[in-house]
Structures are given as structure tokens and as C-alpha cells.
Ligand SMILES: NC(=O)c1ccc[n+]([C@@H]2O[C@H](COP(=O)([O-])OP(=O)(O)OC[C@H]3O[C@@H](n4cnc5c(N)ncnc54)[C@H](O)[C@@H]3O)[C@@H](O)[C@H]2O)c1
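Shown below, as C-alpha cells, is a lone chain in the form predicted on its own; questions about how it binds or moves come after it.
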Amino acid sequence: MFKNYYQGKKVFITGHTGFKGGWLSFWLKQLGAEVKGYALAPCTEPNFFNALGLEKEIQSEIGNIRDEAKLKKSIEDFKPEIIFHLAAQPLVRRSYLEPKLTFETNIMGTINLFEAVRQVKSVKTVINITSDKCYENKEWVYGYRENDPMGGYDPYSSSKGCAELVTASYRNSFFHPDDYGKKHTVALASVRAGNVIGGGDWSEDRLIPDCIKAFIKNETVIIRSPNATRPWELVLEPLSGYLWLGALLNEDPKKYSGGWNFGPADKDIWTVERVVSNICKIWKTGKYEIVLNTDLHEAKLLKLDVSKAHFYLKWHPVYHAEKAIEETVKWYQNYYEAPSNIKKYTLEQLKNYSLQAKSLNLIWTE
């Protein structure tokens, strides 16, 4: 897959102990990459990183992205060719409680990484993973395109919009595509995904983890914004886009540098209540209750336009929302039934996803 690009490559991942970072680390190991991660210790127990025993699979350094010197040394020591930047404070509601920490982590942490990249000559490709919430949300029915204005109402969304502006500034000032091979040798892109779901996420204040934690205790899950719509997608969907973009950036840095959206089809933009209802059916014993809560602002409507990825990367999602939710719930069911076999089951999910992508003739499967 991915033209065998990652075989033997040194890949550095910030945020590798998190949900998406853990899945990315796991997939890269299957592709034959040598992986090093830099992140805080897992913030929940259980967590995906420990559940799969990834500390035995990759090099792992516990550190804060705000620690510029330690981050730089970690990258210098490893000498990676590719960097995926996922380390972040990723929660909207927590950003109201800790706005300063959120801005420091998501903005200055990104700057710390880029400053290290400027000085470590082994790095050739950098992909900054931000969020669909980086856009100035006008609550309209149109999907946001890569050239729409950045924004953000809450501290988290604003910090991600700022991280995108920082990325654009560094790309223009230090890693300009037109200067590639003349003044520098770094290809820099940023990527935004929708509401990413999948097994192994136990984060606070996220819809599916909240459902699973309630069901395990035989409690009723409470949903506060039943009519809010989001672009739901299985974690493997955006990761396939990130990995494919990384391979293409190596081939043609000028063409593929920039911002990219990776999201589901329009029919997979579901309301919160519809998602929870489907989870309950799959879990079989799950129940939910609606308790409206308007104490903090949350976007009601959000979608991405992924035309650019369709046209230039030939990337398309593999699963629809029903399948994404089913795969997610089944991962948790398998974990709680046989935690010692979860690595095998995770690999099975990855293989099945890749086989389905291949049956659709998606170019990254070649």
C-alpha cells in the first residue's frame, strides 16, 4: 500500500499515545516503518496505546510539546524523514476550562515543532493534523473548502484556526513550495478531518466514548445536543488520506503542499441522536436520554468539502456511517470480552478496511 513508501522509513509522530496517534503508529508499523513517538503519557485508563502494547512496538518518549528543547532533541536524536504532528489539547469543552493551556499547546506546540524542523536537516515531509473546527463556522449547509477563512468561536476551535495560520506562515516564509530544492527540502501540508470515531478512544466528553462508558456501567447515556450534525468517519479514513498525502508529498512537494480536507460523503453527516440510536442497537442493551444543555456554545452544523482530495489525490472514503459506527462498537465489545486478543482484532479491522478499499480500486492500495 501507498506505493510501499513507508517501508524502512523513519517516521516521527507527536501525540502517539492518543487515539488517532495510536492508530497511526499501529498502521505505520504494519507498513514496515521505523516509528518514534513523542507525547504526554496516555491521559485515560484504559487507552489504545497500552491496550495494543505499542510501547513494545515503537520508540516512545514521554514529553510535552510545549517543551521546545526536549522536542528538538528528540527529533535530532531520531533523524526522521517524515513527521506527523498530532499532539494537541483536543477537547472543546476542556478548552473553556483551560484556555491558556489549549492555546499554548495547539499554537506554540506547533511552532516549537516547526522550529525544530528548520534545524533538523533529515526531515523532508511534515503533515500537521488540525481539525475541521479550524474554519470560521457560519452554520451554513455548504461544506467548508480549504481556501475558506480560518476562525473559531471556542478556544479549541480558535487555537486550531491559529495553528492553520501558523502552518501557512511557515510554509510561505521558510518552506515555500517554489523554493523546494533551492532554499530548503521540506514539504509542509496541513490536514483537517471530520468527527473521527473508532475503537480505543476513552477520552472525556466525546460522544461514543461517553456511550461506551455508560453502557459498561449499565447506565443511561445523556446527550445534550441531539440535533447537532457532524461528518462522522472511521479513524482509518483520514489516516489513509494522511498516509497517501505523505507519499505524494515525497513525489511532488510543490503540487501537494498546502491544506487538505478528509471527510465523509454528505449522506454520512448525521445528527448526534441518530448516531447514538445506532450505537444502542448494536450494543443491544444501551439506552439514552436527551437533556438539553446550552451552557457552552457548540456548533450545530458542520461539514467539509472534500472535492480537492477527490480530484487531486483520488482519495475517497471506504465506509459509510453505518459501517463506521458498527466497526467502532464491535471493537469495544471485543475489547471488553477479550482484552488480550484486541491487538489481533485491531489488525483484522485494518486488513478488512484495506481489502474493501482495494475492491473499490482506490489508488493508495497499490
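Don't overthink the numbering: it's just position in the shown sequence, from 1. This one's a predicted model, so the numbers in the text were calculated from it and none came from an experiment.
Not on display, but discussed next: the form predicted in complex with this ligand.
Contact annotation for S203: at least one heavy atom lies within 4.5 Å of this ligand in the predicted complex. Interface membership of I129, defined by any non-hydrogen atom within 4.5 Å of this ligand in the predicted complex, is confirmed. In the predicted complex, at least one heavy atom of P90 sits within 4.5 Å of this ligand. Contact check for F12: no non-hydrogen atom falls within 4.5 Å of this ligand in the predicted complex. The partner is absent here; in the predicted complex, the one residue of N64, S60, Q30, N334 having a heavy atom within 4.5 Å of this ligand is N64. With the partner omitted here, the stretch from 317-325, 51-59, 64-72, 337-345 that lies within 4.5 Å of this ligand by heavy atoms in the predicted complex is 64-72.
Along 1-29, these residues reach a heavy atom to within 4.5 Å of this ligand in the predicted complex: G15, H16, T17, G18, F19, K20, G21.
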